[in-house]
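To begin, one chain is listed below as structure tokens, in the form predicted on its own.
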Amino acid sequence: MTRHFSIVTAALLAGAFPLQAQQAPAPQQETVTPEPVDDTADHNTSPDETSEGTGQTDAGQDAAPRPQPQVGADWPFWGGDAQATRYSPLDQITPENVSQLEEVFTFHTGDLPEGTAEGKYSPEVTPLKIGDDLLMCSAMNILISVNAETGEENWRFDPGVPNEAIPYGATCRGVSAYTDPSTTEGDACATRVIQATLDAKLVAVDMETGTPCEDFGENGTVDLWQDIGERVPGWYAVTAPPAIVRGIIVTGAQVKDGQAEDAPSGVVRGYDAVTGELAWAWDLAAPEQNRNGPPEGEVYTRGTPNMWTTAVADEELGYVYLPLGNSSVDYYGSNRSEVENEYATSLVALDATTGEEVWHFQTVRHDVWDYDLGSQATLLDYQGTAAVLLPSKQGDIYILDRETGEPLTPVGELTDLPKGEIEPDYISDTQPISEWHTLRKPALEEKDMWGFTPIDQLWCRIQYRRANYQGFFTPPSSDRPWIQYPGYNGGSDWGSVAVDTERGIIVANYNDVPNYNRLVPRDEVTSKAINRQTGEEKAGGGAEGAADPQEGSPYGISVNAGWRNTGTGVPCTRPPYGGIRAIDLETGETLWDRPLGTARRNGPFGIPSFLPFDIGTPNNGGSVVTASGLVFIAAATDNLFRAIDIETGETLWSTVLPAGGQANPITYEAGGRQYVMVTAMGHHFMETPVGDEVIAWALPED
């Protein structure tokens, strides 16, 4: 794309204009209400209750690989298949007939923000399809089953998550399912739907009825806040579907960014999928001591790196691969322990039967940029080796040996990196990079600055000159703002990548925006800092913003995500701000690369232009690829759901969604028809309109 734009073209860009949410009422169906839960109950398994010396429950000890459900007519995992490829073998919808797609049904969850939840909704949900049913969660964790052919509601279960539990967004990306091999068809909870909630509960209900599984925890619920410490609503929440491997449910949690070094632990825990008993805990700062839970009166190690995104399970090896985030706080590191430095922003392989580490691979050393690993890793065979593909927020893509963690593709080093003046002894002067493939773009230059008019373009040039910027991994600064590029939204984020394993093509959508940040000295961080949360206050819903306190460190943090002009809302860098790329899996070479997202809903001052030009907008959510050669994706802020030719990158079909499509789509078969589906529910951070729609399309019936 040319670097020179007319004013008319400029008017197409930047902030979003909110449309009215679609609020058609949900059909009246049976709602299952939860039994009261003993909030103080200790659901841990004591060391005496485990197998001697192994830290395992009986289920973990006896677990053996089990056949996994296959993707095709069903979409049984959040990532499609057990390998999280997001590849479907269905081929009824083809590049030749995709233009004939018609909407089959729209289901409304009925979960829309009310009261203090206004402005905090970001559902991001991807349903499962198993048998005749679609299984999903709403923004506030209402579990819902829907007939996959007709869109009629079967049942719903409301776990009663309160608004004050919302961290910075009401998000539930999906659920998981588990079939108990000791049961027979028709038994209660023979197959159970499992989710973890914003108020940190692990919930299991019967897939057929939505009734809580009485044998799981207390009346179908396990309290994940057990042994975490003081309950501060919103500080510890789960937004990702758990991984289940060899009968063990594995989950981490989102720990609210920007609050304090003494934040809840990043402990990752495994629970028996039938009983809900703690099988093991992996507290990276005390892995042996806390394997079966901390000693009485103690809690898991606070402030450690957490896993807020989705793990992937390797049933054959019995491993689970955890993309870890950063320590608390994100933008200052000198107070961190050596073990935090070792594991932060790493992919960690655990033996899911014991909770013991197998290996870890770190993508950022001494991370002070909030470069959490956000994407779910993908399992695949790479040149004859069982491998795991790992995208990062910096835009790098690594392929590692699944058993050892050794890189199978070249990994290089950035050297002589700037160290700054805040903590030069802590900042690493080297960082790993992928020499096989990266989505990362060249470093910014002043000529890349951009604006709605020459005046605000000049303003952005001035901001560029005011900032500390020395290219990739410019360290945080306080005397002046610093430019972080890419920003914390990526590269690749939670939408992850899709892999066409037949054609050998990776499909990766990405963001390409900087952040404009400043460390705020402690004496400038007020006692009522923005986004600060305590046990006595209602949860705040903002993302990292004007001034998060980062208590315990010398600095708060101010983040201008996307580095937008504060007057016009127009980004200070030239478009495109997001794209989608096809990559040869064998060689790592780019096959095609194009902007993702049109200008139809973007413009200065948040006024939509309605113009159809591809400018490449920020995007959140991933894609699905099909055997017929189609890529289905929403994600962008233009509220379009589109089908792309995987061979050429050409858009072959698109349709307007009634709300933001910040979610991963699925495809499945029901009644002999192939469906494609995406949820349109909006996203406060992406500034897309809120909705509650789950929409399915298929080809016309003969």
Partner chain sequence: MSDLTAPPDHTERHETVWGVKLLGWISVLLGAVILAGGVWLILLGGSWYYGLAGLGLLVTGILLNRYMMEAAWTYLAVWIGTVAWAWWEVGADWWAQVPRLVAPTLILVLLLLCIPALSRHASKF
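Positions refer to the first chain, counted from 1. All values reported here derive from a predicted model rather than from experimental measurement.
This next part talks about the form predicted together with the partner chain, which is not shown.
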Item to check | Residue contact check: residue 454 to the partner chain in the predicted complex, 4.5 Å heavy atom | outcome: yes
Checklist entry - Are any of the heavy atoms in residue 368 no more than 4.5 Å from a heavy atom of the partner chain in the predicted complex? => result no
Next on the checklist: Using a 4.5 angstroms cut-off on non-hydrogen atoms, would residue 414 count as touching the partner chain in the predicted complex?
Outcome noted: no
Item to check | residue 81: touches the partner chain in the predicted complex, heavy atom cutoff 4.5 angstroms | outcome: no
Checklist entry - Which listed residue (155, 105, 332, 450) meets the criterion of a heavy atom within 4.5 Å of the partner chain in the predicted complex? => result 450
Item to check | Partner-contacting position among 208, 614, 272, 551 - heavy atom within 4.5 Å of the partner chain in the predicted complex | outcome: 614
Next on the checklist: Can you tell me which of 369-377, 463-471, 140-148, 433-441 lies within 4.5 Å of the partner chain in the predicted complex, counting heavy atoms only?
Outcome noted: 463-471
Checklist entry - Are 342, 364 and 491 jointly within 4.5 Å of the partner chain in the predicted complex, each by at least one heavy atom? => result no
Checklist entry - Considering only 585-601, what residues come within 4.5 Å of the partner chain in the predicted complex, judged by heavy atoms? => result 599
